[in-house]
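Below, in structure tokens: the form predicted on its own, a single chain.
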Amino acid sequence: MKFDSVIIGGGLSGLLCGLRLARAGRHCAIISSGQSALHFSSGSLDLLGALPDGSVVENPVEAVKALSEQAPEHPYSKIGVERFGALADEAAALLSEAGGKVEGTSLQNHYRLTPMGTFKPTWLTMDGYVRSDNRVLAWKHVALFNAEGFLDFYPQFIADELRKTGIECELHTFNMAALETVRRNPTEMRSSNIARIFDCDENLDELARIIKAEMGDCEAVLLPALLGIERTDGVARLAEKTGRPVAIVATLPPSVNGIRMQRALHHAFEQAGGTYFLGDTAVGCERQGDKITALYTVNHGNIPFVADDYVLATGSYFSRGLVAEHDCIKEPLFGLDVEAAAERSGWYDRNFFEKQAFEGFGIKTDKTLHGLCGGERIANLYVVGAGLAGFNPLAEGCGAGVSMLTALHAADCILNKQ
């Protein structure tokens, strides 16, 4: 099978790269083994929350110059300070155009309410979530509702934290006949299963009636993020029916809105002419000199994927884009060079709450994100996303940003090469 570009990995990074290439007229394929990290998203996407030295970042665009000085091998440093803001804006626009509506700007981090009731600085937040510019909500009295028996949401934690800021928070549970089918098996009371019942207007309207009857004189209504898998108007419809502002709070995984964003990007990619191979896994390749000439997958056996360019977007340890063995960390598909401490004792700190070294390990690339093998670049293989070396997504609050900006940077490199 012949394509202009083949992307290995169907998560946020792979989809955004594929969408950019397909919209530019490239015959593009994505090979995806299944669920991506988007299915576990907390409702927001980070760009840059802290510098490597620990300094808190408020304006990512202003802070990226200092980051490049502190960490020359950071993916943002390779992209270039002058391109950082433009790529961030392009990424946000692509998400919104695809139907994954988000709010935020690369010029100022805002704060999103977490499942634990605290506020987290972030870049883009999916539409409808509780967010604030200064860690303070606009309301002083809210009603927080949860589905009876839904255990992946902790209203008491959220209420306790909100009360510390002077907000009165009343707790309520709701039940309805449609939930009984889900509740028959306690393991099925997960956000994605509950959300499906609210794709039905009748069930969402019944929830609105329950809320209206119990909300009292609260200024706003808060709910866990489970207002429909297919629909995107759940928050707006409840607000209209109840006559109160309605906002959602992230739950523990799976993430309903993350699944929705994955679907939106997948659909947009195919609408742009891309081909998406779901449930397939790349397992081998052929290489001649400095180029990959063929890629093999489980489902297609000895029928190779042949392309001018390949993009590796398989992520990090979670999705086995990186594999940690007893004495080494490796990239399993192409055997690319990996930046990692030689001794296992240097991979981690025994204090769980300290910065962990393994989080910064990853695949080595040149400035244009070409993968390196034995110190030599592979001319038609680009590496993007969470598997890259040189950054710590947790400590620096930049995981989603690195995934999206490197994806677009690699796409530009491919297009400009033509």
Ligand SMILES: Cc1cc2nc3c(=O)[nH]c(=O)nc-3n(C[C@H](O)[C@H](O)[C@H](O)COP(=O)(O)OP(=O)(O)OC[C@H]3O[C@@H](n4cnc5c(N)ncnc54)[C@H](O)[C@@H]3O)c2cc1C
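Computed from a predicted structure; not experimentally measured. Note that residue numbering follows the sequence shown and begins at 1.
Keep in mind that the form predicted in complex with the named molecule is not shown, yet the notes after this line are about it.
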Worksheet item: Residues in which of 345 to 353, 66 to 74, 364 to 372, 379 to 387 have heavy atoms within 4.5 Å of the named molecule in the model of the complex?
Response: 379 to 387
Discussion item. I need to confirm a contact call. Of Gly128, Gly228, Gly315, Pro155, which residue comes within 4.5 Å of the named molecule in the model of the complex, counting heavy atoms only?
Written reply: Gly315
Worksheet, complete the sentence: Residue within 4.5 Å of the named molecule in the model of the complex by heavy atom, from Ala282, Met215, Leu137, Ala159, is Ala282
Discussion item. Taking the named molecule as it sits in the model of the complex, is Ala22 in contact with it (heavy atom to heavy atom, 4.5 Å or less)?
Written reply: no
Discussion item. Asn59 versus the named molecule, in the model of the complex: is there a non-hydrogen atom within 4.5 Å?
Written reply: no
Practice prompt. Answer with yes or no whether Ala410 is in contact with the named molecule in the model of the complex, where contact means some heavy atom within 4.5 Å.
Written response: no
Worksheet item: Is there a heavy atom of Ile8 lying 4.5 Å or less from a heavy atom of the named molecule in the model of the complex?
Response: yes
Practice prompt. Scan 1 to 32 and write down, in order along the chain, each residue with a heavy atom lying within 4.5 Å of the named molecule in the model of the complex.
Written response: Ile8, Gly9, Gly10, Gly11, Leu12, Ser13, Gly14, Ile31, Ser32
